[in-house]
Structures are given as structure tokens and as C-alpha cells.
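Next up is one chain by itself, shown in C-alpha cells, the form predicted on its own.
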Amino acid sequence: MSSEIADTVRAGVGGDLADPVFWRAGAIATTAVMLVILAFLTIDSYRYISVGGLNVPKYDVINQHIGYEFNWSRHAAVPVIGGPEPLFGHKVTEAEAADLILKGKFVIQSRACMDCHTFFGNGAYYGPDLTKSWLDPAWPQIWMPMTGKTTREDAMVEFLMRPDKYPTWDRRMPNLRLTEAEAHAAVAYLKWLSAIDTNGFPANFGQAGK
């Protein structure tokens, strides 16, 4: 009797597996579940990657001092937003900051900076990654004295406008013919980038030679 029951069960299961309706229903159910999961993950990701979200500050952060410190609880270096430190000594509104940073992004795109540099690890590796370039200790240690400028942003503008005047080791940046306004916008974009929490990327940034 038990043998007959087993045969009936096997026949029933085999019949279900051979039925295309069974597989179609399974595929639809699986797709629906995955779409729901994807929707939740997308919504959660936007909390981190949207401007003004958990990891990406608003554009007017360029009005503030931006530091970089190791967070022991996270085991990673993170940006630290400090007190007032307006870029070029001029405080801008959020709308003005957004417009300036957008122009800076277009400057970097129009000059194909990613042909030599990387942003967030994407691009070429001839030059350094620029994600945290605003925070590079070389600006106050080397470039401010070399250019004769008293602020980080002024040294960056001077270098961006006349890189051929300040050759960097064996790999030299070409003169991209930036106007002063374009250089200002590019620096604003780079300062904003430095305030983004990239979970410690690039690793060991600013530690070389220490």
C-alpha cells in the first residue's frame, strides 16, 4: 500500500514539474519578489547617495571648513564638517553653490580630466585620484609656498590655470587654458567632493611618507 502511495506522489510531483504553467507561475513570483527587494534597496541607497543625504552633503558645504579624520568606530577616515570657511572668502547661497559646482563639473568633463585622473576610482591612473584632492596636505606644505598664495583655494586656482609653470615630478599636467572663473568653479567642485563620505576611499589618503 505504501508503495502505491509513493508512486502516486512521485507521479504528482513529476506532473507539476512538467507543467509549463508551474514554471511560469514560479518565474512570475520570483520576479515580483526581486522587484520588491530592488525597490527597497534603491530607496535605501538614495538615502546615502542623494545630495543632502547621509553620505553626500548639500552644495553649500563649501562655505564650511572640511577636515578628514580617522573614525575608530568605523575603522575608516571620514570627512569632518567644521565651522565657517567660505570658499574664496565669499559665502554663497545653496542655489549659488549648486550653480558653481555644476559649472565646475562641466569644466572637468569638457577638459576630459578622467583621461589622466580618477574620481571615486573611475578613470585613468596616470595622475592621482581627485576625490579628496582638496584635502591633500601637499597644498599647504608645497603648493601654497611654491605659488606664493596664502590660501588653499588660491593655490589650486593658480596651479590649474598655469600647471606648466609648476611641473609635478616626471608626470606633468598640460595647460588646459582655464579661465579664472573656470578654475574657481573646478575648485568649488573639488571642495564639495572632499566632503562626501566615501567610507575611507581612497585608502591611506594623505598618509604617504608619514
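Model, not experiment: these values are computed from the prediction. Each residue number is its position in the shown sequence, starting from 1.
We do not show the form predicted together with heme C, though everything after this point is about it.
Transferring heme C from its position in the model of the complex by superimposing the surrounding C-alpha atoms places at least three ligand atoms within 2.4 angstroms of backbone or C-beta atoms of the displayed chain; the site is blocked. For the candidate set V56, I66, M144, L178, a heavy atom within 4.5 Å of heme C in the model of the complex is found for exactly one residue, namely L178. Checked against heme C in the model of the complex, the residues V107, L87, I101, A77 give one hit for a heavy atom within 4.5 Å, which is V107. Under a 4.5 angstroms non-hydrogen atom cutoff, heme C in the model of the complex lacks M161 among its neighbouring residues.
Taking non-hydrogen atoms only, D136 approaches heme C to within 4.5 angstroms in the model of the complex. For Y166, a non-hydrogen atom is located within 4.5 Å of heme C in the model of the complex, even though that partner is not displayed. For the chain shown alone, A95 is not a contact residue for heme C in the model of the complex, no non-hydrogen atom being within 4.5 angstroms. Listed stretches are 66-74, 153-161, 26-34, 40-48; the contact stretch with heme C in the model of the complex is 153-161, by a heavy atom cutoff of 4.5 Å. Contacts with heme C in the model of the complex, taken as any heavy atom within 4.5 Å, map within 108-122 to R111, A112, C113, C116, H117.
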